[in-house]
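We begin with a single chain expressed as C-alpha cells, specifically the form predicted alone.
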Amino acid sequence: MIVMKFGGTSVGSAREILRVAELVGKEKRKKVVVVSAMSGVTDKLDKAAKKVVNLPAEVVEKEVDAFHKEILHQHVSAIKEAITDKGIAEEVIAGVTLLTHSLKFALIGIGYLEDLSPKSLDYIHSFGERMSVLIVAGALRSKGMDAKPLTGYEAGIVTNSCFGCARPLFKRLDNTVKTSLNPLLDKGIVPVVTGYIAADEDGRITTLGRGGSDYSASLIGRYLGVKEVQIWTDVDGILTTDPRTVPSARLIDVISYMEAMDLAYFGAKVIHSKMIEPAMDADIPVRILNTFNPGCKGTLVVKEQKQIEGIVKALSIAKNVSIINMKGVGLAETPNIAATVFNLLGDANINIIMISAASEANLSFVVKKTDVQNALNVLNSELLEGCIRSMEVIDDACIIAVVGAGMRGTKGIAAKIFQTAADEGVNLIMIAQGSSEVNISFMVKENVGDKIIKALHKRFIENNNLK
C-alpha cells in the first residue's frame, strides 16, 4: 500500500488531472491519493476573503458574485475536459456548483460582518481542496477506477482548534485514519483525500498550514503503515540547490530524513518540512517524483543513507526573513527570560526560524518578514518591561543552510564554509549549528545570498574540495 500526493501544479488544469489519472491507474498496489487545490486557487480564495472584508456593504454582493462566477468557471471547464464520462461529469459539476454557492454565501457574510477570523479563513481556504478532490475522483472514475472523494476529516485527520495552523491529535489518528480508510481500501476503492485541510473534534474545518498537503499525505502514510509515501510535484526531486541560481545543480538520488528536513525548513520548496516527521517516526520511505517526467527515478528520503558522496549534500537559501536583536542588561539578570520571550511569540502564532545569543545581554532570533510587526508588538509586553533596552530589526538578510550527513565528525568544515564566504568578501551576520551536525546555517545580506550559494556549490559539491 502507498500514498500518492499530487500538488497544485500536478492538478492545475484538465490536462494535468488526466495525467494524474493515468499515473494512479498504472499503480497496481492499494493506494490513497492526496491532492492539493488546483494551482493558484488557494491564493485566489485568500485574496478574495481579505478583499471582501474591507469592501463597502453596497458592493459586497457584486464583487462576490463576480468571484463566484470566475472560480466556478475555472473548475467546470476542468471537469468538462478531464472527465470523459458525461454522467460522472454532470455529477461532479453539481457537487462543485453546490460548494461554490456555499463559498459565495460565506464570503458575503464575511463582507457584511466586516470580520475575517482565522476560523473563517480556514473555512474559505478549504474550498480549493474540496473542489479538487471531486474532480480528481471523477477523473479516476471515468477511467474505470472506483474512487471516493473525502475531506481530511472524513479520512480521519482530527486536529486541535488552532485555526490557521492546526496540530493533529496524534493519539486519536491511530484509530481514526484506519477506521476511515481501511474499509474502502479493502473493497478496492481509491480514497481521494483533501490535503492541507482537516477538522477539530467538533467537526469545524481547520488547516495544517500552507504546504500542509505533504503533511496530510505523511500522516495518512504513518497511520496506515504504508510501504512508501510518494510526493508528485513539478521537479525531478531534491536538487543540490535551486537550479535557477545554479544551473549545474544535480539531482540527489538518496537523502536522509534529517537532511531533507533541514533543507525544507531553510527554504527548499520541494517538500514541506513538517511532513518528514510522521514518515520518520514510522520509518516510511518518502519518494519525490515529477508528475511531468514520471520516468525520472526522483529522490528517495530514508532513515539512513547507505553511501555518502562528498561532505556537503545540498544548499538552500531562505529569503523574506528578518532578524530581531534584543539588547539589555535586564536580559541577563532576569531568570527564564528566553522562555518568556519565546512563549509570548508562540502564543501569537509566530514561528522562530533561527536563534543565536551573542551574550547574556543580547538575544537574536529570526522570523518571517510578515511577522515582524506583530513580534515587536508582542515583545512590548509588560512581562518584559525593564528587561529590554533596545530592539533592532535587520530586514535585508537571508539564511544560507549547508546540509550534509558527511559533515558530522568532519574536522574544520565550518571554518572552510566561512572561509568561502570571506573569500567572496561577504560578512556573516549570524551563525547557528544544530545538534544533529548535519546542518550549518548562517545569515548574510540578501543581495549577496545567491553569490554565496554559487561559491559554496562550486567548492563543496562540484569540486568536492575541502582544502
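What you see is a predicted model; the values in this text were computed from it and never measured. In case it trips you up, residue 1 is the first one in the sequence shown, and so on.
Beyond the structure shown, there is the form predicted together with adenosine-5'-diphosphate, which is absent from this document and is the topic of what follows.
**Q** Should P168 be classed as touching adenosine-5'-diphosphate in the predicted bound form when contacts are defined as heavy atoms within 4.5 Å?
**A** Because no heavy atom of P168 falls inside 4.5 Å of adenosine-5'-diphosphate in the predicted bound form, the answer is no.
**Q** Is there a heavy atom of V286 lying 4.5 Å or less from a heavy atom of adenosine-5'-diphosphate in the predicted bound form?
**A** Taking the distances in the predicted bound form, the answer for V286 is no, it never comes within 4.5 Å of adenosine-5'-diphosphate.
**Q** Even though adenosine-5'-diphosphate is not shown here, does D234 get within 4.5 Å of it in the predicted bound form, heavy atoms only?
**A** Output for D234 is yes: heavy atoms within 4.5 Å of adenosine-5'-diphosphate.
**Q** Tell me, yes or no, whether A137 is in contact with adenosine-5'-diphosphate in the predicted bound form, where a contact means a heavy atom of each within 4.5 Å.
**A** Answer no; every heavy atom of A137 is more than 4.5 Å from adenosine-5'-diphosphate in the predicted bound form.
**Q** Residues in which of 168-176, 237-245, 83-91, 138-146 have heavy atoms within 4.5 Å of adenosine-5'-diphosphate in the predicted bound form?
**A** Flagged stretch: 237-245.
**Q** Within 4.5 Å, heavy atoms only, which of K297, K303, K269, R389 is in contact with adenosine-5'-diphosphate in the predicted bound form?
**A** So the residue touching adenosine-5'-diphosphate in the predicted bound form, by this definition, is K269.
**Q** Which residues within 8-29 place at least one heavy atom within 4.5 Å of adenosine-5'-diphosphate in the predicted bound form?
**A** Counting only heavy atoms within 4.5 Å of adenosine-5'-diphosphate in the predicted bound form, the contacting residues of 8-29 are G8, T9.
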